[in-house]
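In the form predicted on its own, a lone chain appears below as structure tokens.
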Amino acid sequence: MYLTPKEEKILAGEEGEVKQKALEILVAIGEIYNADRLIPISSVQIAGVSYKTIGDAGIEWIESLTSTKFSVPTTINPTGMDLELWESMGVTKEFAEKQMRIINAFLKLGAIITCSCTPYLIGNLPKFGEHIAWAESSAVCYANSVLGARTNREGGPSAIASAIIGLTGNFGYHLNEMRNPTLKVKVEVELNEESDFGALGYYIGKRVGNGVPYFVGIKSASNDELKSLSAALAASGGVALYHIKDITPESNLVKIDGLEEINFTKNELKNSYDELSTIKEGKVDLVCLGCPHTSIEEIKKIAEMIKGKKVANNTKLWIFTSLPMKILANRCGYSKIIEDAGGKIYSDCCMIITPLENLGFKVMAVNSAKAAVYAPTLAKMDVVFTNLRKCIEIATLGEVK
């Protein structure tokens, strides 16, 4: 792999040990994937921010880097708690202290403390064709597919290395030829809301693996529906890029001749809902919305659905979003409606990487296919996967029937 004279000097340690180690990571990955060179990037999104997922070793490693600074705009993923309201969530003081060590280390590195899995909604919005290095799987899929930016599925350490150096390897989805689809999906059922798109993504992700699906038959899709599709494809498979005919920006630029075809019908839609639910009836402790983080439009919908109702006594309704969306929800009056009904809006965190398993919850209802995939293993909880209106109904009844 070709390195410029400046890169050779960094690799030789002439700009310090931290930059040297960061470049060693990028070079090693580049050589594994046959990159011809390193290329400049415009932004980074870092995953692996929750204490639940990275533990003490992760804290020590991030703190060991703080003698340097990130060289490009860098946003970070959700943490394991609301940075201000963690006590009301039931998070322990020990967990909170260690989580704040992580945040303080990222502050010293120069990160923008967004604590969100939807950076594209709150300022980190790459342009079409722009090279980035993002590590949040759902955001990677959205950035590649919906925005037409270019990134591989970075890991936490490689994203941090790219943030320090401002470069990434020129391989994978940074190359035109790697962005062509590998499977054609004929959608033969009407998709009406975010959870339907999540069910589609779950079904196709399992079948395409790390491939690139090309969808036909989808007449329209909102940004929130595309967000849901991106998250589900990335959770059940390793999808980092998809195309939807006449909707996503590269759909009419890629080669689609000779692709294997599969159909997605009413049966596959129903079966996906069934597979993603581990229980069909009974008490529900927690209704969680916002995986990925809710947009302001989603919060508005929730407020409209819950207005004048009450969350059941033994059930909690938690909505997860970014801090900017929460501020907008406060200003628009949506937060008050939700809180008057007994719900809570939390920012900075995510239902899956918050230590729910230690907070006494056993069953949660979600409209996110991504959350439904991860909840049984990462949160140790049973899950009901359904649409948004049904989630609100479950929250008011305290059970699923």
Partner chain sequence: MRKIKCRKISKGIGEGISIVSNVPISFLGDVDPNTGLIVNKSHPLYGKSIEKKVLIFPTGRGSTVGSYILYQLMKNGKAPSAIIMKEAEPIIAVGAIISNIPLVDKPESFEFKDGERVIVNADHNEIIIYEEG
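Here the structure is a predicted model, which is why all the values come from computation and not from measurement. Positions refer to the first chain, counted from 1.
Beyond what is shown, the protein has a form predicted in complex with the partner chain; the following relates to that form.
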For this session: Have a look at Arg389, Lys380, Lys9, Lys21 for me and say which one sits with a heavy atom within 4.5 Å of the partner chain in the predicted bound form.
Result: Lys21
Problem set entry | Option touching the partner chain, based on a heavy atom within 4.5 Å in the predicted bound form, out of Gly110, Gly209, Gly217, Gly155 | Gly155
For this session: Verify the contact flag for Ile62: yes if a non-hydrogen atom of it lies within 4.5 Å of a non-hydrogen atom of the partner chain in the predicted bound form, no if not.
Result: yes
Exercise. Applying a 4.5 Å heavy atom distance criterion, does Thr53 contact the partner chain in the predicted bound form?
Worked result: yes
Exercise. Quick one: is Ala28 in contact with the partner chain in the predicted bound form, heavy atoms, 4.5 Å cut-off?
Worked result: yes
For this session: Using the partner position in the predicted bound form, report whether Pro355 sits within 4.5 Å of the partner chain, counting heavy atoms only.
Result: no
Problem set entry | One stretch from 28-36, 66-74, 337-345, 356-364 that, in the predicted bound form, holds residues within 4.5 Å of the partner chain by heavy atom | 28-36
Seminar exercise, completed: Those residues of 344-367 with a non-hydrogen atom no more than 4.5 Å from the partner chain in the predicted bound form are none
